[in-house]
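The data below hold one chain only, encoded as structure tokens and taken in the form predicted alone.
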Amino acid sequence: MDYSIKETPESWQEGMAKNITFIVTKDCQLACKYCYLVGKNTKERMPWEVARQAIDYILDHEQDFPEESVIWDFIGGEPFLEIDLIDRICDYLKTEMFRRNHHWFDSYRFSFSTNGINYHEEKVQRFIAKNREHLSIGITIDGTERKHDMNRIWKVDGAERGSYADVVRNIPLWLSQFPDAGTKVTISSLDLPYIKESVLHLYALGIKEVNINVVFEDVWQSGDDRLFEDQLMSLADAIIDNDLYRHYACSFFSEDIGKPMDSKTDNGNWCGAGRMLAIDAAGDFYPCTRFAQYSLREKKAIKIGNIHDGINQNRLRPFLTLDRCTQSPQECIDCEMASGCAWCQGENYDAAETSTVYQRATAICKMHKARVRANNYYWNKLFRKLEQMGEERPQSKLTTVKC
């Protein structure tokens, strides 16, 4: 079978897209220890009729979705477990957007974050070949085999079995089709000592963009911030001393973080909850997947409508009023290192003392400050080197990725 790949068209309006997520399954082959999806199961899989009705509602209400472009996002669990359904959904979307002369026609993406285990399978590859011009796929690999297999383990009884070998075999195929694709790496307390070696390992695999973040949950132990900072500074040395910054990028290092923020001019919401739309197997609508019940440890799901009644604007309104100052404690508003400090709206809600979305979780505070200190070290060292060599500052290779 010839899985030839075509170039991506220029019609995509990057940065002006509506994100619409289909939770096609809550099943997954893995049981990752840091996974925020606490309610994964094998039963809740989206029926075709639910998907069709959701699409019809969205496209019937074109005036309510004025964004110039759309990201049709597919998640699980592991989305490629439902590749037959996804293929049918995407065919229907393309047909309907064309038939209706919808303003999203030819300005859309189908987006996936996958564990990569069944990436090589015939059905998945056939889908990729058919939709390549409008496709974004990221494979999650956490770094070295040691780091990856600490958390990303198979869902089996008995002894833990890591999934690194099952994922890494598909990296060359993925990169041959998406050579500029980035991976997403998650850091938890136990695997902090392996950050440097893991990022360098991913570079060696040919992955040029490593998007990496610490978990938002309150898992951090005393001394973790110091270990985190040491690892990032050591990584900075390796990247700069070996000129890796010329061809590779790591999202931990950014010129735009670690500065004070003006509460009037820099008061946006980090998270897109409320401006996104998520649909589950029952046809219920959520402001983000993190507000579906399988994502929540302590709180009840927050639904903003369904495929039968549409979106309830009153339930949606609180999310549209969220900004940095309405949910942050004064310490965060006044912080000298505030820029780049992320939050997850769903984790805010789940960790809050009451059922509010206006209480920001601050579990990563010390980790963000450690990152900023290491980030300052990175840029100071890099700029000194470039100055000595008479070179200009490099342009950033990373696009900011938000939850």
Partner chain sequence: MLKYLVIQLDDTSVSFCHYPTADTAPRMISASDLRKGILFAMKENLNIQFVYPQRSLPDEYLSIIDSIDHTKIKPSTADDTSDADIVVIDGMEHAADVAWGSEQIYILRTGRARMQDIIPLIEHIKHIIKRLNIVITDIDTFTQHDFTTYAEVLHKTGEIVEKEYLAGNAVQINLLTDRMMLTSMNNCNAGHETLTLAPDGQFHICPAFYLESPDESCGDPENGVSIRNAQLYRLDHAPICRRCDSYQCRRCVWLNRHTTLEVNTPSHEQCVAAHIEREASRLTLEGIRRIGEFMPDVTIPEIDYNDPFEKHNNW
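Residue numbers count along the first chain shown, from 1. Please read these numbers as outputs of a predicted model, since none were measured by experiment.
This protein has a second form, the form predicted in complex with its partner chain, left out of what is shown; the following refers to that one.
Chemist: So in the predicted bound form, does Ile257 come within 4.5 Å of its partner chain, heavy atom to heavy atom?
Modeler: Heavy-atom contact with its partner chain at 4.5 Å: absent for Ile257.
Chemist: Is Thr42 near its partner chain? Define near as a heavy atom within 4.5 Å, in the predicted bound form.
Modeler: So Thr42 does not count as contacting its partner chain.
Chemist: Can you check whether Ile55 is within 4.5 Å of its partner chain in the predicted bound form, heavy atom basis?
Modeler: No.
Chemist: Though only this chain appears here, would Thr321 touch its partner chain in the predicted bound form if you measure heavy atom gaps against 4.5 Å?
Modeler: Within the cut-off, so yes.
Chemist: Want to guess which of 351 to 359, 24 to 32, 335 to 343, 44 to 52 is within 4.5 Å of its partner chain in the predicted bound form, heavy atoms only?
Modeler: Careful reading of the contacts points to 351 to 359.
Chemist: Checking a candidate spot here: are Ile302, Arg317 and Thr326 all in contact with its partner chain in the predicted bound form (at least one heavy atom each within 4.5 Å)?
Modeler: The answer is yes: all three residues contact the partner (heavy atom, 4.5 Å cut-off).
Chemist: Pull the contact list for 246 to 265: residues with a heavy atom within 4.5 Å of its partner chain in the predicted bound form, in sequence order.
Modeler: The stretch 246 to 265, when checked against its partner chain in the predicted bound form, contributes no residue at the 4.5 Å heavy-atom cut-off.
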